[in-house]
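Take a look at the structure tokens below, where one protein chain is shown in two forms, each on its own, as structure 1 and structure 2.
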Structure 1
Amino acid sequence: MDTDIPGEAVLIGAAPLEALVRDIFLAAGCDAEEAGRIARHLLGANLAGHDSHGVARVPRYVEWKEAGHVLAGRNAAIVTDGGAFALLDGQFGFGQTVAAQATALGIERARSHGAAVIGLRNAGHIGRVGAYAEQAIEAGLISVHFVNVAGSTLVAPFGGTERRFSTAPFCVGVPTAPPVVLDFATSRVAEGKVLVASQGGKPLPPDALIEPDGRLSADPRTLYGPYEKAGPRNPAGGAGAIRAFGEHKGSGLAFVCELLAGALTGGGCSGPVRERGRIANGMLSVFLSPRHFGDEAAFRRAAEEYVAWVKSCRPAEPGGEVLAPGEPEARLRAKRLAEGVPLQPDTWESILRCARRLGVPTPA
């Protein structure tokens, strides 16, 4: 799988890494349950190869917590409840808590009604969206997720150079065997990949970013402006922007994510910034129960036969393979659980420095 970590990375065992991250959030003021949930989610992103949404974000999450931009111990509160649909407010709680609660409610309602639409607004950074699709898959449900980041303008629309969109992720999960999980940012790269690149990780594609004069760039300073090697990164510090993926198609999908996850939920679209420094995720999720649509066994049979047929396609390169969405993550998860999680040295040092500042014992 194409990951963000270069060959010179250090390997950290999954269990001790999860324990360290949990202890950091305990020291930062989260209770044991929430600290464990955040640690599992961030580690899970690394295990799946989505290092941009993994433990590299620990120092930033702690900074947001200390600044009051994200709040520990908050639960998603129901704003509107229509049975098969509901709107929740995350109250700026940790996204790993409130987005999981919104997904659990969607699962419960879809099991009762056959379908459910759940809106979530004012959530702290929810992390890897695929985790919530996997939560629904475990319950046997299909799910579709539109996500935006209110207060975060990072991406230029097709044909422009100024920031107008957030990275606006989109995700679909289908309960087949193996599960199909399509999960991507509508930007050319996620902001977390720019973060990893700025810390010495995998370089960005040469056309990932755009300067105000229209020149394409792979330099993280286009987004962050000047920064120290192991210091904080401010996405508002640079004059440039991330590009949308797929030209007008990705730009159009980002537009829709902002309208559905931001405007419809009432959490707000990417801009203008409502409070300097604070961002919040919005998510509009649709949950579908195959059992309520008719013959669930027939659905799974048809879907899995189709997945197998697609995968049987002749590879474009000798020794290559056509993979279904979610397969690379599943394979890498097994590998990293066995061998350890690769972290770029600057990323690992920033986590250790965060731990020491909070009085958390660190590994040798």
Structure 2
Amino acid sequence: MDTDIPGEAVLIGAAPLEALVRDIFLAAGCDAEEAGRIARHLLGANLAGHDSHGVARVPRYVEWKEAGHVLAGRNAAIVTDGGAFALLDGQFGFGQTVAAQATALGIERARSHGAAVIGLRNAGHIGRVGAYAEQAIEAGLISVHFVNVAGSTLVAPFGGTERRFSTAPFCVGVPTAPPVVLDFATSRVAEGKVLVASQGGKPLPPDALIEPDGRLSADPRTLYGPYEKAGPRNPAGGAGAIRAFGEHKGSGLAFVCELLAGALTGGGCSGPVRERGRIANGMLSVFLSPRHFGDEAAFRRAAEEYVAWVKSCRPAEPGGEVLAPGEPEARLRAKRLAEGVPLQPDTWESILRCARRLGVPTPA
């Protein structure tokens, strides 16, 4: 999570920030519903503390839209329909639209069959995957999501020094109270964190990156190559890679995310950029209905008692605390809704610049 925003951050109220982002996507050519959906999703990532997947993405999303890499008003189209399983093509529509549609279909099918498997390919960037697990949780369902990014290679596999994986996130949602949401990239750090470190923000862990000769590195130039202080950062510029998390186990999870979300859906595994610099998310999701499996109340009781027991574990450090997945995000959401969303001044300026360019009135 990106809770370590430097002291000079500007605090923007959640509601005006969401309204500004919505107006930017309206001006960029999305209809009101889609613009609102994208704004809600991006702001939701900031509220959850995942700033690398929040409103900082606005200028890049707008550029992708203008370049035709992502298309407004597209719906996920059914390619194969087997009832309890279906394959959808996102047709390069906004990920926030087509992944939400894939999730809605998974919910509908799991409600009738007890379980459903939904493949989605060719989705525009779907953002924070936890949002789709939360959509399923609201419907009382468990969900598991394997995700990859076709056209993006940033991560070296365990034992290697060359890029072979995308940051391939993995996510599981469980409808307990409060819900359990495990949601992370399978890279040691998100690319957004390398970007922040390159701009003078929080330094990377010493083993986050790997050079072509196998030396471990915390230097963003390993990923970007040489860069000017205020200039752009291009991951294609560096010779090294981000490392997969968790040694051979995390690397193995990244591997299967690529196989399930990329090869099985037909969207393609991580690899060299395909068409005109276009990247696309693939997602294979499994939806499970506890009600169909047996006694839903007994499941919830057992799960919630277990969560409480795990959390009762003696902390490793004085004053520490064991948290369940999803808990840090829930706490930060409450705080940021009340106090505002901290943005780095450069990030806020880039959003304002984007708004002005599109003729969207900006707050004073």
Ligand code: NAD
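We call the rigid core whatever largest set of C-alpha positions still superposes within 1.5 Å between the two forms. Residue indices: 1-based, along structure 1. Remember, it's a predicted structure, so these values are computed and weren't measured experimentally.
Between the two chain copies, the one drawn from the form predicted in complex with this ligand is structure 2. Superposed on the core, the two forms barely differ at Gly93: its CA moves less than 2 Å between structure 1 and structure 2. Positional change of Pro157 between structure 1 and structure 2 stays under 2 Å at the C-alpha, relative to the superposed core. Once both forms are fitted on their core, the CA shift for Gly127 between structure 1 and structure 2 remains under 2 Å. Summarising the core-aligned comparison between structure 1 and structure 2, the C-alpha atom of Tyr227 is found to shift 4.3 Å.
Superposed on the core, the two forms differ at Lys193, whose C-alpha moves 2.4 Å between structure 1 and structure 2.
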